[in-house]
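Both blocks below hold the same protein chain, though in two forms, and each is given as structure tokens: structure 1 and structure 2.
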Structure 1
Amino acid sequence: MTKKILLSGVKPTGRPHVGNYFGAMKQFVDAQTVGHHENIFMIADYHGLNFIQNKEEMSQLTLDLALDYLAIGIDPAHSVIFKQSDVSAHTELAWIFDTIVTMPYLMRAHAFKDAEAKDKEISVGTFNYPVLMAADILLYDTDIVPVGQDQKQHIEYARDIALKFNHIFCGGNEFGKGGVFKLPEPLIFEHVATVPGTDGRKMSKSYNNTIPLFATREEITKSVMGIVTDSGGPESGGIPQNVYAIHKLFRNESDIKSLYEQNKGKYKILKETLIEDIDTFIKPLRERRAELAKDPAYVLEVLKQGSEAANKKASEKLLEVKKAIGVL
């Protein structure tokens, strides 16, 4: 039986946080453990280029993300880890998609509308972001894409683009049957779809409200002490909602309920317990990462092998695409 393909990616734009981990990266490792899929994990450096435009920073952040992947337990013996820029089929396929995707369609994307609302000057790369992401996914016949809620629309775009391509070039029907591209499904777990940050908004690098995934004890303490505690209005029943929402990630439900029941209004104790719980969870990851960081040659070798494996798959698909559009 052929295995289903599970693929995801993260941009190398800074240290990952516990929102990235519980929302997406944990699912990468869990999938690998179950072993039912062929796993492909990408470092989305060409997506990251929209944000990081400095060569030292880019190469450091890329290596860092490779280390992060390995440190959380992604094992190159069971998963392909590669860098997007090493597989030029991604940008080539994105161009082909560009010719069938319309501007009004891309203007409906949340990320574009958000950037526009902030009155930011938007690069063509940012505008086109969903097209490159569709290419990332569709090149590998991906069945499942584990991501957080904020990426759901991008998976829908990938499906739409696959359908449109199949329809135009392969005579596929509107259900996408009989075409070059498979339709991917997102994998999003509701309870971690949007992990809140220390201020109660979505945890995000851009909001400065994160708990870094490989944080030191001091950093954990600083982040937790910075969690905005509501003043315990009547509806909160003495339970600091923001602290509770983060704590839930690190303890099972019954445990946490009784902890918060017993310590109503005792914010200091609750935060201290949270620091302890987060540190217990992060410490082994932090240590594994520090160990791996001693051997950058190994990390580069993993990326080299990953790029060979990814290129092999992607170039086969690109051949199919080129035949379908009539340039081969």
Structure 2
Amino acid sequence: MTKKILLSGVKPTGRPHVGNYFGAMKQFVDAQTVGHHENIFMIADYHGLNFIQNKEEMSQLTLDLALDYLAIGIDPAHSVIFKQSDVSAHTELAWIFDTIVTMPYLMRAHAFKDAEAKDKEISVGTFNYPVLMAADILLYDTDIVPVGQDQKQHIEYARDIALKFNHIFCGGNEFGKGGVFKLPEPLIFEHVATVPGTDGRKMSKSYNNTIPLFATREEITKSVMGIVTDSGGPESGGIPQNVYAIHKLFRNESDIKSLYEQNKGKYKILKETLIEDIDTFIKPLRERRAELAKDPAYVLEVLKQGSEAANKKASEKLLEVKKAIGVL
């Protein structure tokens, strides 16, 4: 049976945190083990240009993201890891899509609405990013794209654009029956709860409430000791809810309950135990990443091989597209 294609794209815009890991990255690693998917992981550096416009920073952040993937267990033997900018078909297909996508349609995108609400001067890249994202997804006959509930619109845009292309250039035929593009589906990890940050809100770099995924012991200590110790009122039994919610990520439920029952009101002890548990979890990831960072040539070779594999797939699809639109 042919494996389904899973594609995920991440912008190289900063250090990942434990929320990123438990919310998505862990599932990527697990998907490799199960073996039901052909996994493609794209470093979306062209999308990142909307945020990072410094050559040295972009280069370093791109290498860092590749290191992050490898350190958490993404295996190049089972997955393709590549840079978006190494596959020119992404931007070429985006232009072809630009000719059939209307401005009012793009003005309904969340990113555009957010920027408009903040009265920001909006770049063409920000306005047009759903089209490039659709090209990213559709180039690889992607079956599923892991996204959060708040990112579902990205997949809806890709599906709409695929349908419109198939309607205009393929007589409305479906994929496999004369149509060029497959309709991707979102993969939303319903069982994955929102990971709380140190202030109780969703863990996010924009809130400055994160615990870095590859944090040093000192960074872990600083983050944990800064967790807001809100007992949650009488119904919580004096248990610090924010500390407890984060701790559940690193210990099983029965151990956690027992630990917190025995140490009600002893916030310092509970935080020190959390520090130990987080460091125990992060230490092997941190050490593996440090070891990989000693050999940047290996990381670059992984990206090179990944780009070759991605280019092969993307070029074949772009050839179909060019035939469909009549330029070949």
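All residue numbers here follow the sequence of structure 1, with the first residue given the number 1. Since the structure is predicted, the reported quantities are computational estimates derived from the model, not experimental observations. Under this definition, the rigid core comprises the largest set of C-alpha atoms superposing within 1.5 Å between the forms.
*So which is the form predicted alone here, 1 or 2?*
Number 2 is right.
*Spell out whether the Cα of Met107 moves at least 2 Å between structures 1 and 2 when the two forms are superposed on their rigid core.*
The answer is no, as the C-alpha of Met107 shifts between structures 1 and 2 by less than 2 Å after core alignment.
*After the core is overlaid between structures 1 and 2, has the C-alpha of Gly200 moved by 2 angstroms or more?*
It does, since the Gly200 C-alpha is displaced 2 Å or more between structures 1 and 2 after the core fit.
*So with the core overlaid, does the Cα of Ala245 end up 2 Å or more away between structures 1 and 2?*
Comparing forms between structures 1 and 2, the Ala245 CA shifts at least 2 Å.
*What's the distance in angstrom the Cα of Leu259 travels between structures 1 and 2, core superposed?*
That residue's C-alpha sits 5.2 Å away in the other form.
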